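Have a look below at one chain only, the form predicted alone, in structure tokens format.
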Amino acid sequence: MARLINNRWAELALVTGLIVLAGLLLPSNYYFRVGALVLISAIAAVGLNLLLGFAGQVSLGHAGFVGIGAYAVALLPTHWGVPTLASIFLGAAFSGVLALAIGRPILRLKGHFLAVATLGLGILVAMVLTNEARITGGPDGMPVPRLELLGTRIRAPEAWYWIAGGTLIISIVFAQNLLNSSTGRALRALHDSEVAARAAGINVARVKGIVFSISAVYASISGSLLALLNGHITPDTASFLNSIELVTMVVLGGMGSLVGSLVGAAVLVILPQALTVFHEYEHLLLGSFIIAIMIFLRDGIVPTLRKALLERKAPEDRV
């Protein structure tokens, strides 16, 4: 079983099976909407996991790229008549280029200096979206034109669930291919030791820039899908709290685990919805649950379960 989980094709089959099974069992639009939110959040978490879990680089401002993607599908069609589908790709391209341009100076920093620099980037994006009220609508936000495919406007949460699910699967396939390439091996070397990676001939600055840019593209696409699902967007999408949520998803699910990105997103999206029945104790219970996960599942949910399966399998192999 552990060998199966470690297999990239089994990992992809597991994610696909979960998406399809849930899609067949969800009973109403409310559940499809929550499911779509999980999948959209997981897309951003997969990208951040490449940066945080595999490359070992911290980012506390990734929601800034989510905001760029969200406003791309709102501003470009509204003010310049760009088709919505094209706006998704333009927003992702802009996020990737921006991350590549600012990534070199920022990613020269390490530890808490890097965390503060990326935090400043996210805050800067949120400030621009808030203050440029003439274009973005300011703190109140703005409506987002609906996506049209084959002459049909996509509104139903069920449709967005399947669109988000398909996008997540493509995102994981791309991430798997990246990790199995020479760049992926360089990321792992960078995560273990930047000094050793540089001594091995790896262009550390280049690799950092690439993974930062790719993770920004993931976040932008996630933001575009979120805006199209909601039909309205505000600068809160790029807020610091959203950046922290993305980091928490990666840590809870398991750094260095693509499946963990989906699990972490599911926990952080579904749990608050489930705890609303406790009213004033909702946040207390949510915080307690997260603390419990970090105490008893220190490596994250998926890596800890994988380790438990390996340890259980070992005695059986010796027998």
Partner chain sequence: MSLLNPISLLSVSNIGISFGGIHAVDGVTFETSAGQIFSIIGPNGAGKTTLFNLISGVYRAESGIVMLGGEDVSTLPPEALAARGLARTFQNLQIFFRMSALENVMVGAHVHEKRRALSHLFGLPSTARENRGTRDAAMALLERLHLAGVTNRSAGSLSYGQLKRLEIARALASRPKILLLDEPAAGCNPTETAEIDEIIVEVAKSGVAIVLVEHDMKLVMGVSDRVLVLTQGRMLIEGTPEEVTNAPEVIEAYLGTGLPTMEASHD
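Positions refer to the first chain, counted from 1. Since we're looking at a predicted model, the values are computed, not measured.
Beyond the structure shown, there is the form predicted in complex with its partner chain, which is absent from this document and is the topic of what follows.
Would Asn203 sit within 4.5 Å of its partner chain in the model of the complex, counting heavy atoms only? Yes.
Verify the contact flag for Leu178: yes if a non-hydrogen atom of it lies within 4.5 Å of a non-hydrogen atom of its partner chain in the model of the complex, no if not. Leu178 belongs to the contact set for its partner chain.
Please tell me whether any heavy atom belonging to Ile210 falls inside 4.5 Å of a heavy atom of its partner chain, as the geometry stands in the model of the complex. Answer yes; at least one heavy atom of Ile210 falls within 4.5 Å of its partner chain in the model of the complex.
Its partner chain contact in the model of the complex: Val195, any heavy atom under 4.5 Å: Yes, Val195 sits close enough to its partner chain in the model of the complex that at least one of its heavy atoms falls within 4.5 Å.
Assess the spot marked by Leu18, Leu25 and Ser28: is its partner chain within 4.5 Å of a heavy atom from every one of these residues in the model of the complex? Checking in the model of the complex: none of Leu18, Leu25 and Ser28 is within 4.5 Å of its partner chain.
Of the options Ile214, Met142, Ile88, Leu229, which one has a non-hydrogen atom that comes within 4.5 Å of its partner chain in the model of the complex? Contact residue from the list: Ile214.
Just give me the single entry in Leu76, Ala92, Ala186, Leu98 that has a non-hydrogen atom within 4.5 angstroms of its partner chain in the model of the complex. Result of the distance check: Ala186.
Since the chain is shown here on its own, which stretch among 80-88, 67-75, 155-163, 169-177 would lie within 4.5 Å of its partner chain in the model of the complex, judged by heavy atoms? Contact-bearing stretch, as computed: 169-177.
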